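Below sits a lone chain in structure tokens, taken as the form predicted on its own.
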Amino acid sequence: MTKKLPAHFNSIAVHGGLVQAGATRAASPPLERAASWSPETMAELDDLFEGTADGFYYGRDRSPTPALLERALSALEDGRFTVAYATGMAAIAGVLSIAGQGKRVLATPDLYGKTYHLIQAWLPESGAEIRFVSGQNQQAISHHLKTWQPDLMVVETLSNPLVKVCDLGWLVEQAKAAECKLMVDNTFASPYLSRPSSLGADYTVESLTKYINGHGDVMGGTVTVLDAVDYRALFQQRSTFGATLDPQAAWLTLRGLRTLGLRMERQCANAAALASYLAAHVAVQQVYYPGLESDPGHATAQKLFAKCGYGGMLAFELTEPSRQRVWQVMDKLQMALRAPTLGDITTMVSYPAQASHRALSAEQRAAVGISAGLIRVSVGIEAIEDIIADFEQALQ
């Protein structure tokens, strides 16, 4: 008998990877590292190749432990199908491959730097036409959807690195009316804060490397979809490009997933406290965090996910906006780690101009608001008193 999933987020996160067939009744998700499986008959193998039977035959296409993770993520995201990839960028490239090549693509400019570069530099080689428009400019989005009629729109729930908020409900409505597919990179929010699939987004992308795993020892990404045709296209694309998630990474991610809600609750609370502290600091010119009432996206963020918090990511601008000053502050931090990633249980800082958006020219960075004085912070689960004390001594 198939076990029914519980109704609440934390319960689904804990039990999602345990809903499985088999006689062992393991109390934790099993790790299976086989590269291939031998069906009993050639007819059964043929059905597996055709995709008309549920099972396993070759690890590049599908294997048990990643399949458990895909099932768990589908439940958490309120989607029908999930395809797990070797990295978050492989997941994004997968969507762009099936929905963007040779098509018209409308994207927000304030994307993760590698995503921006992929859309701006790689997609046009396939004959795709690209236009960028602010995710907060609803008038411009409506105009482009009606007059230009794009095939795909690409947005982030919370943008990297300025944590700008998109009104996902409105975007889904507009995209559906224009018959335009919508891809949402939900990495900064995680399914704890936002589930774009539940609103009708066609593709919800997560970087497993970040909050979902949460412990800095995994690379991976997922795409959750609502449509079986989209799922099959992504499945075939992943197999063809060999971008399949390794079973060990899937197993570690399943372990991290079980505490996602607890970790995010603490990280949201810590980020809100740190943002308030930095906003009052004389060495800080501006703080970007949607939990602050002064933030332009605060009202939208309240509507989308205020019941859970406003996320664990923030960015701030120094009053002395120079690379020399940024490096001085970051080098003085004693507990926060200097690392080009996010979503771990430890507090981490990065310099977007040097790391996430390094591939952009100075002019492109300026156009999306990334200055020489900007620091991005991924707030961890440490005691907030220690986090604030660390930034206090570094900013002196």
Ligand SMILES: Cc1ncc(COP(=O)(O)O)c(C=O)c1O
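Note that residue numbering follows the sequence shown and begins at 1. None of the values given here were measured: they were computed from a predicted structure.
Not pictured, yet referred to below: the form predicted in complex with the named molecule.
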Item checked: Contact of Leu171 with the named molecule in the predicted bound form (heavy atom, 4.5 Å) -> no
Checklist line | the named molecule contact in the predicted bound form: Arg195, any heavy atom under 4.5 Å | finding: no
Note to self: Contact with the named molecule in the predicted bound form for Leu69, defined as at least one heavy atom pair within 4.5 Å: yes or no?
What the structure shows: no
Check: Does at least one non-hydrogen atom of Asp185 fall within 4.5 angstroms of the named molecule in the predicted bound form?
Finding: yes
Next item on the list: Report the residue, out of Leu145, Ala269, Met219, Ala75, that has at least one non-hydrogen atom within 4.5 angstroms of the named molecule in the predicted bound form.
Entry: Met219
Checklist line | Contact residue in the predicted bound form, from Asn213, Thr82, Ser190, Asn160 (heavy atom within 4.5 Å of the named molecule) | finding: Asn160
Note to self: For a quick test of understanding: in the predicted bound form, does each of Tyr288, Ser350 and Ser378 have a heavy atom within 4.5 Å of the named molecule?
What the structure shows: no
Note to self: If contact means a heavy atom within 4.5 Å, which one of 226-234, 87-95, 303-311, 240-248 is the stretch that engages the named molecule in the predicted bound form?
What the structure shows: 87-95
Next item on the list: Check each residue of 195-218 against the named molecule in the predicted bound form and list those with a heavy atom within 4.5 Å, in sequence order.
Entry: Ser207, Thr209, Lys210
